[in-house]
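Shown here is one chain on its own, the form predicted on its own, set out as structure tokens.
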């Protein structure tokens, strides 16, 4: 019979429409704006459709979610920030849209390059969030952030991140990517143990 599929489709739409309001009544106004509400609305017992009430409610991001890169630093003995970045420039070379700029400098006494960037900029409007910079960094100095709320009214003032704005601590990286951090630390410990064993064998 012609039009039967159309009627079935409209029936499904009508069913979801009605169940949405019935579910709202079942929750007695507690369907939104509380901890765990999104997980319950996405669970098997939920009916109808729902809207995430952003910005009051936000969907949890997975650990592998990536947005703009940031530079990892470790806290030094005197409370100084010690960037892992050695300004090798690999991240800038592999960046497809070329949104990374690094300024290096030399030691005035020895003339040798200083193993830390003098300036480091990322234009977050050009960045395509591919993660190649973090993938190719040989020092685990650049990682992908979870912060996606970066809208502003002035692109030139707010969307070109400098070294200070890009720098975030190892503890922050551990908080957003605990699995990756644990894996990297285990590998780093293995390498150190292998170096120590080779040194003792000499």
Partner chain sequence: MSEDTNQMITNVLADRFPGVIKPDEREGYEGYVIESERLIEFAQAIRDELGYDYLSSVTGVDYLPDDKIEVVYHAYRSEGGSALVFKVQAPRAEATVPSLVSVFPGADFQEREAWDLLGIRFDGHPNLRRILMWEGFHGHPLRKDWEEPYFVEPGKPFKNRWPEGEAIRSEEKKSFKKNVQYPSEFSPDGWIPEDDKALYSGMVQLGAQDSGNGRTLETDQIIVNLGPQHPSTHGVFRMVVSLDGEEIADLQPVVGYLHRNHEKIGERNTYIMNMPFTDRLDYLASMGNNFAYALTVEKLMGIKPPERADYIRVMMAELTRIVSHLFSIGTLLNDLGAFFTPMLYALTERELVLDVFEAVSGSRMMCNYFRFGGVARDLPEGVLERVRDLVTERLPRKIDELDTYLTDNEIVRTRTIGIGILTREQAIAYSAAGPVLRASGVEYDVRRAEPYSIYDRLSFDIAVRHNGDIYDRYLVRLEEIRQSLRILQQVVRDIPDGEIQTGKSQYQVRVPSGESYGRVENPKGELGFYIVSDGNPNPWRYHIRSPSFINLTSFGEICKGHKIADVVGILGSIDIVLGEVDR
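Positions refer to the first chain, counted from 1. Take the two forms, superpose them, and find the largest set of C-alpha atoms that agree within 1.5 Å; that set is the rigid core. All values reported here derive from a predicted model rather than from experimental measurement.
A second form of this protein, the form predicted in complex with its partner chain, is not displayed here; the remarks below concern that form.
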item: Non-hydrogen atom contact residue 186 with its partner chain in the model of the complex at 4.5 angstroms; value: no
item: 4.5 Å heavy atom contact, residue 102 and its partner chain in the model of the complex; value: yes
item: 4.5 Å heavy atom contact, residue 42 and its partner chain in the model of the complex; value: yes
item: Residue 73: touches its partner chain in the model of the complex, heavy atom cutoff 4.5 angstroms; value: no
item: Contacts with its partner chain in the model of the complex, stretch 104-131 (heavy atom within 4.5 Å); value: 104, 119, 121, 123, 128, 130
item: Residue 15 C-alpha shift between the shown form and the other one of 2 Å or more, rigid core reference; value: yes
